[in-house]
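One chain is shown next in structure tokens, namely the form predicted alone.
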Amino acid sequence: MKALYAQSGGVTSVINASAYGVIDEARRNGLEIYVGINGVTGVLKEKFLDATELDIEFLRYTPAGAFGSCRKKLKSESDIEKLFEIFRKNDIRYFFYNGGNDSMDTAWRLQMEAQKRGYELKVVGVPKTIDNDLPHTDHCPGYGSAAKYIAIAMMEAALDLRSMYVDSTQVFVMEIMGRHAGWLAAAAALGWVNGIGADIVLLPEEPFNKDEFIAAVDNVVSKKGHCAIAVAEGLKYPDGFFVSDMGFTDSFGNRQLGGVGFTIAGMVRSELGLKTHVAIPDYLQRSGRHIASATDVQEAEMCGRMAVRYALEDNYGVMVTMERISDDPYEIRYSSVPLNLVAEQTKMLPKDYFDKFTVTEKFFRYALPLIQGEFYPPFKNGLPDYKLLDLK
């Protein structure tokens, strides 16, 4: 029996750990395992890599998508027809799709099409997103490492700000990924567990009020002389419009966002006359493997393994999930949820996880276990020794 694995959507620092889990588990169970290059975009071109005997150890510590990702949404019947022609031609009977909200929609569509066409195909979704916004799972692989990166980056930036504010920058703004949900921006406050973190956190779940925000910044600066701000790219006004809408959509039909950090900094300069500085971690926050969470790496791999086990147990048309049993000691169990309950759905930051411009103790209890431990990559010449595959 042949199995196909592919990666989709924005990558993470641990998505390849999930690939490792899928490939290793498939091989242990006697499956011929292939990888689609650049997600379904490559599958449509029959760009496969035979992973049956591939040396995969490097996947556990290499960030981003080792096999290439894509942002293709299956919209046309011709694409679907071609995919099934390719599946039949290559006798693909298992399909493991590693991605987020839109990717789970693709996986669900393929499972439904297989049933409609009478083609035996077992589709299982492997969760992945730094946004942590997939529903019906406690958290998503990729989030813990990105949250750890953001928390550390904010701690270090806040120290820099504290050193220089007397006659230089007084307000530092970090623009953080998160279109609809503020899970990642909230992580900028985690450093307070060690005494340093974001003073103000602006979340998509909290409608933005300029006057209240300016008053909060003024209050912080009057007390300590400087203010560190974390703002999610998906910050919205009370009417629902994005503060940083760039005026066009991406290939998935999502509004393209960017520049909210500069917008917020501009408000501070205009209203308070303070010198500001803006930083945008952008790709760095999602592929910062050098300081990945060991918990995240281990869970990402296990999600990949569970996807294969579920498929072999005839539990398909589902996405792997994690259910939290306990915060302290931290304990989870793996489960699954039908793909149609996840496809194109968004899990927001619960209201009891934040309070206006800050996060609550409940968020700390939720997030801190996810950033525990370090799983360093091997180093060579003073730098991470990341491996590249020839995908051409």
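Note that this is a predicted model, so its numbers are computed, not measured. When you see a residue number, it is the position in the sequence shown, counting from 1.
Not pictured, yet referred to below: the form predicted together with another copy of the chain.
The partner is absent here; in the predicted bound form, the one residue of 109, 72, 93, 180 having a heavy atom within 4.5 Å of another copy of the chain is 72. With the partner removed from view, the residue among 343, 64, 49, 332 that has a non-hydrogen atom within 4.5 Å of another copy of the chain in the predicted bound form turns out to be 64.
From the list 315-323, 110-118, 302-310, 150-158, the contact stretch for another copy of the chain in the predicted bound form under a 4.5 Å heavy atom rule is 150-158. In the predicted bound form, no heavy atom of residue 87 sits within 4.5 Å of another copy of the chain. For residue 266, a non-hydrogen atom is located within 4.5 Å of another copy of the chain in the predicted bound form, even though that partner is not displayed. When another copy of the chain is considered in the predicted bound form, residue 204 lies well away from it, no heavy atom lying within 4.5 Å. With a 4.5 Å cutoff on heavy atoms, residue 165 counts as touching another copy of the chain in the predicted bound form. Site residues 211, 350 and 353 are none of them in contact with another copy of the chain in the predicted bound form, judged by any heavy atom within 4.5 Å. For the stretch 1-39, the set of residues having any non-hydrogen atom within 4.5 angstroms of another copy of the chain in the predicted bound form comprises 9, 10, 11, 38, in sequence order.
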